Every structure is written in C-alpha cells, then in structure tokens.
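This document starts with one chain, in the form predicted on its own, laid out as structure tokens.
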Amino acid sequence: MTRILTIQDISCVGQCSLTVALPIISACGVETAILPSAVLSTHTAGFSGYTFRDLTDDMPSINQHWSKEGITFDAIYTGYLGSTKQIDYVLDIMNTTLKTGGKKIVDPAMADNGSLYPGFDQTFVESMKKLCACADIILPNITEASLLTGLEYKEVYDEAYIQSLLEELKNLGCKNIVLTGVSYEPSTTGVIVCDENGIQYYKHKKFEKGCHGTGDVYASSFVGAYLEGKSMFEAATIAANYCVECIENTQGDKDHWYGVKFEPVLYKLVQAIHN
C-alpha cells in the first residue's frame, strides 16, 4: 500500500490544509501520514481571535524518531509552510525519509491574486524556489508562478504569457508542472499540465465567487488520483472536476462560508479514480 507524508498546517475548524488533505487522500486509497507545521483553532480567512501554535521546533525531532524507527514514505506532499526554517526542515525530511524513487510533490502555497500572503517576503520566495526546484511535481497558481520566475504578474494574459511562465519554471529546475487557475475567457478557467507528454490544457466552469480552501482540495485530490496510478493530466482533470462538484455543492449555503462541503461528494472523486 502506498504511503504518503503530507506536511502543512492544520486548522481545527475550517476546511483547508490538513483537514482536507488527510480525508481526501485517505479516501483515494493512499495511507496518509501527517506532519502539522502549526495548529490553529480556525483558519485565518474570516475568523478573528484564532489561536496559533507554531510547531517548527518539533519537526526535527519527529524526523529523527522516524529515522530511528526506519519509517519511510513513497511520496511527500507539502502545502502551506510558514517560514524559511520550515522549508529547510522539509528538505531534510525529504532527504532522510523518502524512499528511493519516491515522489516529491510541492504546492507552493504562498500567494494569490497578485500578492504574497501576509508574513511572507522575497526571502521566503527564494527558499520556496529551492523546494520547487527539487520537486518532481509542483502545483502553483499564476501568482505563485510569477513570483517563482520573476515574471510580471498579469490578470489578463494570453497563451504566450502562460508559455513563458512554464519555460521559466522549467529553467528553475521544476520537472513537471500543474498550473492552476488558467483562464482565457470570462466564463471558464482551467489547469495546464506540463510534463513529458508536452503541454495540455483542461478547461472547466468558472464561478463568480470562489470558496476558501479549494486550492488545498484541488492539490489533495490531484495527489490522491496521481498516486493511485492516474497520469498527471488524468489526475489534474479528475481533481478539477471534483472541485467543481464541491463548489456547486456549497453554493447557496450562507452558513457554510468558510470552505467547501467536500465530504458529501467525496464518493464522486473515489468513483472517478477507481471506475
């Protein structure tokens, strides 16, 4: 049975990061180990007065214990990491616990809509470049891709701009890329997959209003499908379709503003992977 380690924060309430990664990847059929980089009472979008406990200093001792026990992983998938120090620890963990031939999958969760998340700066971007360069697959959005490459961020763009982002990511050392949120027209968006098969684009429905945590839902769904034997493009397509299902399942529920109701439609993701 395939075993993956996912490293990111956990918001006790709020459907993002580890609270979606663990159930989604497990449901896909992959044994899922976790390493929380921080624990928050809720996520930070829309809640106030949340608690936060930084677990950075625990990461090396956890890694040492795993090494002592001979625990290894077939893949390591990273999401939101809170500091350059955490990125350094992640690189150590990859070097010591990943099996030979194991996959490194990085979601460089650090920015959106043209701006870095609060608390991040160019120093963090430089550290994230190192992590992405050693990864087998990265899953950036367009903002993150522009920061990683140093190219200007554009809200309106053409295929030539997307091609330039992909080329510069390749120059950085990124082997395989899933670029999310690529929209050439107002009513649709999609994902670009750049791998050994070339460049492929999957277009799907675009919603006027987004939902918090869908990036984490997408990345986790992609990882689950990919580790269950789907090609990168198949996994990217399955994950995109599942995110659309999750958003549609949440539309109109004013009480559920803090994330997507992914659980009731999780069976559709499992069916897409295994049927």
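As the structure is a prediction and not an experimental result, all values here were calculated from the model. Residue numbers run from 1 along the displayed sequence.
Below, we turn to the form predicted in complex with a small molecule, even though it does not appear here.
Taken together, Ser11, Leu40 and His212 are fully in contact with the small molecule in the model of the complex: each brings a heavy atom within 4.5 Å. Taking the partner from the other structure, the small molecule in the model of the complex has a heavy atom within 4.5 Å of a heavy atom of Thr44.
Using a 4.5 angstroms threshold between heavy atoms, Tyr201 stays clear of the small molecule in the model of the complex. The closest non-hydrogen atom of Ala21 lies beyond 4.5 Å of the small molecule in the model of the complex. Interface membership of Tyr117, defined by any non-hydrogen atom within 4.5 Å of the small molecule in the model of the complex, is confirmed. Tyr80 is the sole member of Phe73, Phe124, Tyr89, Tyr80 with a non-hydrogen atom within 4.5 Å of the small molecule in the model of the complex.
Across the options 26-34, 212-220, 58-66, 235-243, residues that bring heavy atoms within 4.5 Å of the small molecule in the model of the complex belong to 212-220.
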